[in-house]
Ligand SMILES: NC(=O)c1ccc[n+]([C@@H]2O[C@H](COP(=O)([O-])OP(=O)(O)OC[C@H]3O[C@@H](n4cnc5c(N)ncnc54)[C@H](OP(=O)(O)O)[C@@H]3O)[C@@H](O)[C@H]2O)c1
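So this first bit is one chain, no partners, the form predicted alone, shown in structure tokens.
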């Protein structure tokens, strides 16, 4: 039975742990706190409290759960923290997992925000990844650490799924603003498609970087116009571009061709597919 550690059983990690378990893997999920681990006690896999930014805690966990580990997936979140949180969770967390667990392969979930292109161009894994913010530099440093250890970097586009969609939440709450001319390209990917991508990478991926995004990057205005028509609500007002976004203001079309070449196909090729096919996505965004 292959063995996997899922470091960070949050929105993406929980779906990923469930998928690996259903495929017959021995799964151990790591959570930041005992309370989070207790909330998962009904799951079919083991959930263990372990702060991955703490080297002693990770080594203690490794002692209790003996090697070997086929795959470790680092998908823990910084909790929207700043530079210190990024460095602790991402870089130190990856280093601790590599040193303590010595997995055959580590997969790190990074972000397509490391691509700073703002001209609407198509970006691939070979495109320049030069983020403007220090948090982005920390992600890039973590990527380089993982790749130097023959690991895999999965750069995730904007994550959404049941209970989590910034676009839907803002649209239904009336907070949405069309920035500038609305031409900024938005890249997204459904949570369940991320879980499937991580499974494919664990099974078939060689060391390297892979973009995880759906098939349909779209201008912001087009998304809001479709939602307005679909739900018979007003189009959001226009407003100024926010240059102070945490991960920078970008506009690019993220290519998923390299991941698709491994056999991954998104169940939700576009955001519109998910809105039409998952009523709970909309209901939860509307507070229902």
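Here the structure is a predicted model, which is why all the values come from computation and not from measurement. Numbering follows the first chain given and starts at 1.
Beyond what is shown, the protein has a form predicted in complex with the named molecule; the following relates to that form.
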Considering the named molecule in the predicted bound form, find the one stretch among 86-94, 168-176, 201-209, 214-222 with heavy atoms no farther than 4.5 Å from it. 86-94
Mark residue 158 yes when one of its heavy atoms lies within 4.5 Å of a heavy atom of the named molecule in the predicted bound form, and no otherwise. yes
Report whether the minimum heavy atom distance between residue 266 and the named molecule in the predicted bound form is within 4.5 Å. no
Can you check whether residue 252 is within 4.5 Å of the named molecule in the predicted bound form, heavy atom basis? no
Hey, in the predicted bound form, does residue 31 get a heavy atom within 4.5 angstroms of the named molecule? yes
Pick from 51, 26, 70, 43: which has a non-hydrogen atom within 4.5 Å of the named molecule in the predicted bound form? 51
Contact residue in the predicted bound form, from 146, 101, 75, 195 (heavy atom within 4.5 Å of the named molecule): 75
Interface residues of 100-136 toward the named molecule, as seen in the predicted bound form [heavy atoms, 4.5 Å]: 109, 110, 111
